[in-house]
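Just one chain follows, in the form predicted alone, and it is written as structure tokens.
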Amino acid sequence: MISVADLWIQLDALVPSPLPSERIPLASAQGRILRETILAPEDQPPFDRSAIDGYLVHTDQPAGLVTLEGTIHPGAPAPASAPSPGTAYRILTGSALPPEKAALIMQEDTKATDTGRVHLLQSPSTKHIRRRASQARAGDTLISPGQLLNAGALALLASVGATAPLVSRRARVAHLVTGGELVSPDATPASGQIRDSNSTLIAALLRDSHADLIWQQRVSDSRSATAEALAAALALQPDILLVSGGASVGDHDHTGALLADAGFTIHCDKVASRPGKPFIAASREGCLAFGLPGNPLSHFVCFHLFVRRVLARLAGTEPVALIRAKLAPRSELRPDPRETWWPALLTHDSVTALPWRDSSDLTVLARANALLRVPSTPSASSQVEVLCCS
């Protein structure tokens, strides 16, 4: 039985490099990992521009009356020079400004007259000018490889015309759910049956994990049905194959044997983790396979400990690191000879251990956003290690 830390080392070795990159439209790039350096193609901003609605005057212009000579609209070229003292241009936010001798005054600090003149109630200043290259100069690095493309990063890419960024390909994942007791979530279970929650759980976890669920099927736990479905999944050439259930050593636990029959090398069939002990990690060329223990809480733990780590490596980014947090008062942690990854609620100042009865207990997952590591050897420290799951 392998430790969690040693299995992490093995999994990292199985993913020596990320998946190939691809160029995609900017509209499809949210949540992808950037695989190129984005440079500023020109100064940012590319010209001096106004940050206010108001008036453009000469820097030598004092408070008093000025004659209005026209309007500089956003999108129009800047005038070649600042207006002469005694004159002004109407400007709007974003209007281009001449590079020298320009000063601005806010509309609120002026008063219009009936004679086409404007009374400046205060002296103009340059503080409302957004200077050329004040944010970045042409050639500066704006975004480096490895960054997650969130809404702000996408907006920055759009602003510099990077409309087809080079990003990591999302891993293609096939998911097979086994279990003769399982029925669809919209069905009414008969005696001895339960609704399938693992299909929904895995689909939701994959959406936030640099992966696309390309196939998902539920079958009975017979060897023939599992083998047939496994062959169908592998025919799609997924990067990752997940099998829910059948990972232990019971009469209906066929996952390990069927993966071996399909040409996979089994690297692990038990891990010293609670919950999640019967966990299979296997590989063959072009595909990694994981046999997840059937209980949903074990699913949640094993996914975040191992599957998400591999998906991060395939995307070209670092796995989520353990952090230190203060254990909240009255958190009761039951010791166990195995290392426990306890469902927990992480806040800005502490982590609270949430109550759970066993590895089939789904009630705790509605609140859990972290896993609290409880070593097999108890510690008296109030600081604990936590893996964030949100």
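All residue numbers are counted from 1 along the displayed sequence. Since we're looking at a predicted model, the values are computed, not measured.
Omitted from view is the form predicted together with a small molecule, to which the following refers.
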Inset, instruction - Could you spot which one of Leu230, Leu182, Ala174, Ala315 gets a heavy atom to within 4.5 Å of the small molecule in the model of the complex? - result: Leu182
Inset, instruction - Scan Asn198, Thr110, Ser168, Thr226 and let me know which has any heavy atom within 4.5 Å of the small molecule in the model of the complex. - result: Asn198
Inset, instruction - Consider Pro293 of the chain shown here, and say whether it contacts the small molecule in the model of the complex, taking contact as heavy atoms within 4.5 Å. - result: yes
Inset, instruction - May I ask you to state whether Pro275 is within 4.5 Å of the small molecule in the model of the complex, using heavy atom distances? - result: no
Inset, instruction - Using a 4.5 Å heavy atom cut-off, state whether Ala155 contacts the small molecule in the model of the complex. - result: no
Legend entry - Distance check, Asp253 to the small molecule in the model of the complex, heavy atom within 4.5 Å: yes
Legend entry - Option from 69-77, 92-100, 116-124, 295-303 whose residues, in the model of the complex, bring a heavy atom within 4.5 Å of the small molecule: 295-303
